[in-house]
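One chain comes next, on its own, written as structure tokens: the form predicted alone.
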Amino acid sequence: MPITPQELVTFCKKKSFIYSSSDIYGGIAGLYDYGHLGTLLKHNFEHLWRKYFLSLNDNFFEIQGSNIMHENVFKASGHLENFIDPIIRCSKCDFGDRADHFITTQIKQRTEGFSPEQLTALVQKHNLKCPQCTSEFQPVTILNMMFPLNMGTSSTNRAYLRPETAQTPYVNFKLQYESQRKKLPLGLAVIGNAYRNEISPRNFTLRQREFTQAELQIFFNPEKIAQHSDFDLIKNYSLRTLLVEDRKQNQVIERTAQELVKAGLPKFYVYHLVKIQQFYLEHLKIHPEKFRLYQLNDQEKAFYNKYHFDLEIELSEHGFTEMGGLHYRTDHDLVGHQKISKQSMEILDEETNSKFIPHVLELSFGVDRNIYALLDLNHHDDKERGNIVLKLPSKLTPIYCAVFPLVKNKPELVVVAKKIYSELKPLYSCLYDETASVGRRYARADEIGVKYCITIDFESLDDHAITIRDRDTTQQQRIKIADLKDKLYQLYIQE
């Protein structure tokens, strides 16, 4: 049976993955802390993301920016005017919710991108009532989701917590372009926190007020969007797509990269769609049937996005859920910053001797949402073993290996076990456990995702070998202690 959302919340708190922030005071809606295992899992995801996407081009780099940014950044980006969500409120009680999400749940129809007037009309058409007191709703209104800050002692020094990490690369573009010897495409990646005053944060870490994003902004010459030097290497790769035209049958269609290009998408865009899907299927080990690339229509996507696909994973009880997106943002952001800052964002292409403002392809991922998906899809209640098994991939699991002496009251076994542990700890995330029966220790390790358990028994004292147990198969293999490091490395890289 798949885990329910509430069971996942309980599991994450009990095993020190994720739990409410300020928990001893009852917590705060939309804010969460990561425990020691959750932090390790999150860092592993970020490291894997960083290593994979920054390797796509030698001119892709990671930068880090302040979480607090100048007010004019968000005038230029349009956030102060347009970063709004529709809100629905009861006319009698204190019930309030994000209008499009509430209405979608009630009428089973996507309403993303609808205006307040359209949403109000749907409320009236379907005679929707307050779920708390059955009263009428007020007309749908809007709420700006920015968090303002007053800096220092002056109330006029206005700044904001950034609502997305993307603006950091945009305001840094010109300086980074100059320092990287004026080469395009230039990729600037940020892994960091963003802040949104969500109307109704819900579903654990799927919708929060403070969250982590991993984003890669690729600046390129718009005249070259129809080409990519490595496109021929992936042109026959099949992508799991649900285009706007597929919505009536709600069926994922396998289309090759070349077929998508023939359908009107540029090669530069499709190449990165392929790389995103490969990241999910080959590195995060998401089952293909659980993954799709969902194309947004003109009403749903942001006005500045010429092309927009959401990256969706099917969760146990939430269905297909957005984990990120691939957005062709054109020159919207740099033009806005040029206008407000009065600093030119134009560059000179020395090959063509032409000036232009670069366009941007954005690869955007919600880190916390992806962590939720990994925990949800890899949580298994193994009836044969009688315990939970968290089958996270080796490169993601918080603890890669564990070292156990068969019993703790035999000092000679403990000495060997602790020596092995001390040698492995600098190389891998590793734990040492000598408490309870070895079977119980296996069960504890399974529950937190330990991939390999290494047991030192009485025979180890004579044959200088240990038993290594695979979490997923429970199969055990006897190998020499001298070969253990190499064996673990081979297992790690071959997955």
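Just count from 1 along the sequence shown to find any residue number. Note that this is a predicted model, so its numbers are computed, not measured.
There is another form of the same protein, the form predicted together with ligand GAP; it is not shown, and what comes next is about it.
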Residue 398: touches ligand GAP in the predicted complex, heavy atom cutoff 4.5 angstroms: no
Classify residue 381 as contacting or not contacting ligand GAP in the predicted complex by the rule of any non-hydrogen atom within 4.5 angstroms, answering yes or no. no
Should residue 320 be counted as a contact of ligand GAP in the predicted complex, where contact means heavy atoms within 4.5 Å? no
Within 4.5 Å, heavy atoms only: does residue 198 come near ligand GAP in the predicted complex? yes
Heavy atoms within 4.5 Å of ligand GAP in the predicted complex: which stretch among 247-255, 416-424, 161-169, 265-273? 161-169
Answer option from 187, 366, 405, 86, heavy atom within 4.5 Å of ligand GAP in the predicted complex: 366
Counting any non-hydrogen atom inside 4.5 Å, which residue from 307, 356, 291, 211 sits next to ligand GAP in the predicted complex? 211
So which bits of 204-218 sit within 4.5 Å of ligand GAP in the predicted complex, heavy atoms only? 205, 206, 207, 208, 211, 213, 215
